[in-house]
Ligand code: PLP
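Only one chain is included here, represented as structure tokens and corresponding to the form predicted on its own.
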């Protein structure tokens, strides 16, 4: 089986597995003050340091969560609650449902920020909105903008957008789930106020994540209990999961140069698919994650492609694997201006730390064969 769905979940890194086993053997609560509890606390704080280091932050600004969705939800609801709903959420039209739906349920006013046909947030649109911002009417502007899109891999102009929002007296929440371990991350250079992360996208386990927040940024807890994580996210921490998260974050940063090499393999695969399959590659005119390719051949339905690839031993996806177990038309591609026939025909390949050059070649071979079979059937 060739696994080409790293943006859904990356295979567990051996470093993460080892760290998790070591944490499980401790078998104690990190809030306990006895010897085993102190060992557990040391594991937890080591993981916090590793995650913080991966984004050039300090450990004290990391709040551990159950995953990227909870981290995003904590940021959105925590900001809205702290500002007592006197704010407007500016949500890009390509956000993951974890951001879009939490914004919708937050109780705050929501405005959509448009994207260009290359899949990047339209900074002109954002600038025009902020230029005439009426704080008395709309409250504090809070931008919700992902670092890199999970479907297309398109990297967003987060630093530029956050600078605009800051100048208007606002805040920026960034979903960086897809960026960790794939591109360099530095929260200071991004200029955001909140940044959400997830372990399993970087080769850690599922069920572990984190929210980084700028010191002094407004945030009210949404989950109450024993006061863990600076009382911002109560509940006994998932020690083994977070140990794996820390180890995966550290390993993925060490592997960044290898990950960058995937871009050439991805580009070569796309060149072949365009030449032999006449595909449309989404976002190719913008900076993208080096591992991601989203392409379509109009009229060749995505579910048919996914099943054909699966039967041939290649795991790919269509749309966001996190949003549903079903294959459905991509709202992200529609926001980029793709017509329904093309959006319904798009599939995503995403490679990672265990991928080989042969994986890219084989993926192209199988997809082109599936297209040929479809065309043959149509003309029969």
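Source: prediction; values computed, not measured. Positions refer to the first chain, counted from 1.
Missing here is the form predicted together with the named molecule; even so, the following discussion is about that form.
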The named molecule: the contacting residue among 98, 202, 145, 79 in the predicted bound form [heavy atom, 4.5 Å]:
98
Interface residue in the predicted bound form among 156, 172, 102, 198, criterion: non-hydrogen atom within 4.5 angstroms of the named molecule
198
Where does the named molecule sit in the predicted bound form: which of 306-314, 252-260, 90-98, 223-231, heavy atoms within 4.5 Å?
90-98
Residue-level question: is residue 72 within 4.5 Å of the named molecule in the predicted bound form, judged on heavy atoms?
yes
With the cut-off set at 4.5 Å between non-hydrogen atoms, does residue 178 touch the named molecule in the predicted bound form?
yes
Using 4.5 Å between non-hydrogen atoms, is residue 294 touching the named molecule in the predicted bound form?
no
Using a 4.5 angstroms cut-off on non-hydrogen atoms, would residue 352 count as touching the named molecule in the predicted bound form?
no
